[in-house]
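For reference, the chain that follows is the form predicted alone, supplied as C-alpha cells.
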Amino acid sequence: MIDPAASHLANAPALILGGGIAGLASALALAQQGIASHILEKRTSYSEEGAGIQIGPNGTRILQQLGVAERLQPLVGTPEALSVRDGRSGAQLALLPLGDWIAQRHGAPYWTAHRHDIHTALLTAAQADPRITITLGDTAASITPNDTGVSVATTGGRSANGFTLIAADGIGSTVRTSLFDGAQPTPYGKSAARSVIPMDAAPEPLRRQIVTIWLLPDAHVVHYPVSGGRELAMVVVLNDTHLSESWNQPVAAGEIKQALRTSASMLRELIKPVHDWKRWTLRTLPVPAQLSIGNIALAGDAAHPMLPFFAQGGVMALEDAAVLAATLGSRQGPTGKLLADYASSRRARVARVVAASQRNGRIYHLGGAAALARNAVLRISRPQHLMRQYDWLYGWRAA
C-alpha cells in the first residue's frame, strides 16, 4: 500500500547533486522504479576521471541490473587471477582466483576498466532515459528543506524543487560539510600516481589478463587490463607530503622511477617507458553518524570516501544507488523515513569496507619482519580459502 505521505514522488523529481558514478547510477536506479530525477553537475563538461577501476561481482551485478553491462562488455578486462608479488624480489607470493571461479561463486564477473568507460556507459544510459534530466555547469548555492521535499537555489540562478536531495558530490561535498558533520578530508600522507600503457609495451611476463599487486615497504603498485585487455592501467601509491586538490596533477616520470629504484627489475622495466603519470593526494574522512537528515541523503564519496586499497570506492557508490532506489521505490512511508532506512542499511556495511581498505593499506606497506611474516602467510595459504574470506563483500545483493 502506498503511503499518502509519499504520493508526491509522482509529481516531483529527486534532485541529485553530482553526475559522477554515484549520481548517474542513482538516477538510473530510480528511473527503474519509475522515479524521475534531475542531476545538477557543477562541471561544464565531462572529462576522463582517473585511469582505472576494479569492479567486483557486487558491482558488476548492479551494472547488469542498470542495463549498461552489455555496452561495457567489449571495453572491460576480465582478469583470470590476482597475483600478489614481493616488490623487492619480484617473487609471486600468491595467485588468487578471479575469472570463472569468482563469477560462478557470486553469479557475476570481476571486471577491470577505465573509469571513463564506466562513467560514459552510465552517462549514455542516463541521457537516453526521459525520466532523467542533466544540467551541467550548475550546482546548489543554497538548500532549503520544506514540507514536501527540498528547494534548491543554484549557482546559475535557477531554482529546483524535489521530493528529496541526494548529495553525490564527492569527497569535498558541500552538503555534507554544511548540513551533516562538517568534517573536512584529512591528508593520509600518501599519493597515488596513475598511467595507462599498451599491453604490448609491458614486459612479456606481465602481458597477462590478471590483476597484479607489488608490495613494498610504505608503497605498492597495482596494474590490471583495461580496454578489453588491450591496455594496462597502473597505479603507484607512495609516501608523499605533496598536497593537491586535483585528480590530474602531472608528475615527472623520473620521480616514480626514483621512488621504485630498489624494486624488482621486472617492475622497474614496466614503468620505464611511462612518461605521463597523473597524481592525486589520498585523503580520509570518517563515515558520518548520519547518512540522511530529513529528506536529504548522502551517497558515494560524499558519504564514505575510501582509500584505494580494497578496490571498492566505485562499487560502494553503485551499491548506494541500488539500495537508495529500492528503498524510495517501495513508497512505504514518508521520504524522510525511507531515507533513514537507507542510511541504516548502508552505514554498517560501508564502515566495514572503509575499515577493510585501511587495513589492507597497512598490510600492503609493511616492512622488515612484519613483511616477512605477511609473505609467509600468503605463501602457505590456500588461494580459494583467502578469497572465500571476502564472500561477505562480493556476495552482497541489494535485496
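Sequential numbering from 1, following the sequence displayed. Note that the coordinates shown come from a computational prediction; the quantities given were computed from them, not determined experimentally.
There is another form of the same protein, the form predicted together with a small molecule; it is not shown, and what comes next is about it.
J.: Contact with the small molecule in the predicted complex for D138, defined as at least one heavy atom pair within 4.5 Å: yes or no?
T.: Taking the distances in the predicted complex, the answer for D138 is yes, it comes within 4.5 Å of the small molecule.
J.: Is there a non-hydrogen atom of S292 within 4.5 angstroms of a non-hydrogen atom of the small molecule in the predicted complex?
T.: So S292 does not count as contacting the small molecule.
J.: Using a 4.5 Å heavy atom cut-off, state whether K42 contacts the small molecule in the predicted complex.
T.: Contact with the small molecule, yes.
J.: Verify the contact flag for A311: yes if a non-hydrogen atom of it lies within 4.5 Å of a non-hydrogen atom of the small molecule in the predicted complex, no if not.
T.: Looking in the predicted complex, residue contacts with the small molecule include A311, since a heavy atom lies within 4.5 Å.
J.: Partner absent here, but in the predicted complex, which of 321 to 329, 139 to 147, 94 to 102, 254 to 262 has residues with a heavy atom within 4.5 Å of the small molecule?
T.: Result for this chain: 139 to 147.
J.: Select from the listed residues D301, D240, E231, D117 the one whose heavy atoms reach within 4.5 Å of the small molecule in the predicted complex.
T.: Residue within 4.5 Å of the partner: D301.
J.: Of A343, V353, I35, I53, which one comes within 4.5 Å of the small molecule in the predicted complex, counting heavy atoms only?
T.: Comparing distances to the small molecule in the predicted complex, the residue within 4.5 Å is I53.
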